[in-house]
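One chain follows as structure tokens, the form predicted on its own.
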Amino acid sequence: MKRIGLLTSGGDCQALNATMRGVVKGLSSNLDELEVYGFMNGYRGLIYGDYRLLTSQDFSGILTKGGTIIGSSRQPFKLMRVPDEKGLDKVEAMKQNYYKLRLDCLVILGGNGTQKTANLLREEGLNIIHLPKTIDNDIWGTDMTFGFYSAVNIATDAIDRIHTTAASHNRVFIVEIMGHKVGWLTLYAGIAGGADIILIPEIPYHLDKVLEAIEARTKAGKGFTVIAVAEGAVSAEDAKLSKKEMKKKMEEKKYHPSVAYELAAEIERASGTEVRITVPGHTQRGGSPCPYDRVLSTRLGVAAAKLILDEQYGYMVGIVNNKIKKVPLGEVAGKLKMVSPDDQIIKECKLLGLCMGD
């Protein structure tokens, strides 16, 4: 008999269900007896003992279903060692619920914050396997995270649709893409959607460079410009500020809901050009996973099942050069995979004539 727990934490994305399906099918096809417990709504379920026994029916027909059948929530890693409002030791509570169910392994699906807590539980002696989920593709040790390409498809579609209305009205359009700290999603969607300017968190932008790119298109007879901007993009001036100074500035400019609105106001003020804004928002996380993510998540899930069958724990399962790879969790937890200004893909963008704001 094998007993495993499943937990999905952090922001939802496409292919969470497909990944869990891969784990369970990989195990059930090779075991006579298997019990699978789903902890509801992320680490909250593990902390407070909110779980249910899942059956084969729960994993039928979910390959194409977005979201997560066991729910998710955000539980900040920095608060895991802080008792809750009733004084409950969260880490101890998670361990006790793990032992109460006599689990052989806990499979945790999530992004960076989730991964750090997964590693904490590993350090506390639990058998853990982590599967890398995020639309940001910012997890160290894997070339790709499931959910990323599905989000790229949606963000690209938004940019595609903006092109026709931007061209019809000779306007500047800003499409704000998800990504607070890392710009992979904006970069890929911007390239795929044919954006003229791409602004990401890792490359602070200069307003004058953005204005120059818009003016150059106008002089070339192209009456519109499409700008793909990550929600975490920052100006070169703001990038020089300390955290305290930046916090004060953010409080003073609350009339701008996000960077897209601030940038639009600056462009209009400096050039008189009419600017429109589109924010796809959480649509980028929603809907069915794309075929690539269905394949990737299935492979990662099956690889996790193999590790459980072999009783190899304490790993993240990733993909490197299209080969599934197990990576020690302690080596990757807490590391962000960011876009480097020196990356080949950035150099290729500039050769294309794309403005990156620098």
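From 1 onward, residues are counted along the sequence shown. Here the structure is a predicted model, which is why all the values come from computation and not from measurement.
Keep in mind that the form predicted together with 6-O-phosphono-beta-D-fructofuranose (F6P) is not shown, yet the notes after this line are about it.
In the predicted bound form, residue 158 stays away from 6-O-phosphono-beta-D-fructofuranose (F6P), with no heavy atom inside 4.5 Å. Among residues of the shown chain, residue 178 is one whose heavy atoms approach 6-O-phosphono-beta-D-fructofuranose (F6P) to within 4.5 Å in the predicted bound form. Taking the partner from the other structure, 6-O-phosphono-beta-D-fructofuranose (F6P) in the predicted bound form has no heavy atom within 4.5 Å of any heavy atom of residue 219.
When contacts are judged by a 4.5 Å heavy atom cut-off, residue 122 does not count as touching 6-O-phosphono-beta-D-fructofuranose (F6P) in the predicted bound form.
A single residue from the set 269, 102, 247, 74 has any heavy atom within 4.5 angstroms of 6-O-phosphono-beta-D-fructofuranose (F6P) in the predicted bound form; that residue is 74. The listed set 128, 139, 263, 135 contains one residue whose heavy atoms approach 6-O-phosphono-beta-D-fructofuranose (F6P) in the predicted bound form to within 4.5 Å, identified as 135. You can rule out all but one of 92-100, 272-280, 178-186, 158-166: in the predicted bound form, only 178-186 has residues with a heavy atom within 4.5 Å of 6-O-phosphono-beta-D-fructofuranose (F6P). Residues of 224-243 that come within 4.5 Å of 6-O-phosphono-beta-D-fructofuranose (F6P) in the predicted bound form, judged by any heavy atom, reduce to 231 alone.
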